[in-house]
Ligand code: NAP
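Below sits a lone chain in structure tokens, taken as the form predicted on its own.
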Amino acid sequence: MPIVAFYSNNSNPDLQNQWENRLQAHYPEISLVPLFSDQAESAITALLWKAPLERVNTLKNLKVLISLGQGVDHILKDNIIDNEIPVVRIVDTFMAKSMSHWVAMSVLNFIRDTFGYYNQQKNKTYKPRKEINFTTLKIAVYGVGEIGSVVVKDLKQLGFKVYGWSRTKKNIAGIDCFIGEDKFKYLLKSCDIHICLLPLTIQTNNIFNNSTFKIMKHGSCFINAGRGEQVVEEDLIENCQSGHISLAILDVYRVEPLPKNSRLWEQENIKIWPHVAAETNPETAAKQIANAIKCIENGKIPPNTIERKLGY
């Protein structure tokens, strides 16, 4: 019987049981045990989301770590986990489409000034507001991997001029995709909406800061559903206060949950979402997690095993 150590953001027994039932539908022998239990000592697999890595590191029989989400930075942070232990992430078409819906909604809210209309309603003001011409608008998506590639395609289908930027060259039909620092600056200068979907790595940490915000056009929109550590939050606040960034829509933060004393809450043109743009869908993720566990049991490398040197 495959014993899997389980932890999901201060998980409770009900959540663990729900995941065990879903996984057993695809692999009946699976048994989930709490990360801090004695049974976890014999686990060869750990299924994790934002787990205490010091505890994970004490489990000497582990052969693989599986992230309960697309991101793996919560496992790789501080280099606590042995580099020899494979890390597997979820790659889910449901998550990709969910992210695409959230991004499209955010873009449309900016173009149609949705929040301006909401404020007018409070004052019973009935008048049209300025609409941005979407035919001349340029959108940059930073990070066009498994999720970002879906986002750029869907934005193009809506009639937008969309550009992609990533660490390695991507070939996406109908989309101009760029690599390198020079092209990064080119997109910062030339685009009106900037969407961060990058994985968190040493290179992308703090990539959006005062210098990069200043390169953007005055009145740009900034949308982040990548990772909070990619944005210097005080720099974003400063540029939103000045109006250089006219609207920021955020789903991720350096500290989560976002502290009540964070200045991000106070800025009217910064809109807060609680890391829900693309949540893991248990029904669609369970099959691939169960398959990954089967692979480990049979001495095979699971699909979607990350490259540790790249961080994703």
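Residue numbers run from 1 along the displayed sequence. Fair warning: this is a prediction, and the values are worked out from it, not measured in the lab.
This next part talks about the form predicted in complex with the ligand, which is not shown.
Within 4.5 Å of any heavy atom of the ligand in the predicted complex lies no heavy atom of residue 183.
The ligand in the predicted complex comes within 4.5 Å of no heavy atom belonging to residue 244.
The ligand in the predicted complex is approached by residue 145, whose closest heavy atom lies within 4.5 angstroms of it. Mapping the unseen interface onto this chain, residue 204 counts among the residues with a heavy atom inside 4.5 Å of the ligand in the predicted complex.
Residues of just one listed stretch (63-71, 28-36, 261-269, 282-290) have heavy atoms within 4.5 Å of the ligand in the predicted complex: 63-71. With the partner omitted from this view, the residue of 222, 208, 160, 165 that lies near the ligand in the predicted complex is 165 [heavy atom within 4.5 Å].
Site annotation in the predicted complex: the residue of 155, 187, 87, 95 reaching within 4.5 Å of the ligand with a heavy atom is 95. For the stretch 225-240, the set of residues having any non-hydrogen atom within 4.5 angstroms of the ligand in the predicted complex comprises 225, 226, 227, in sequence order.
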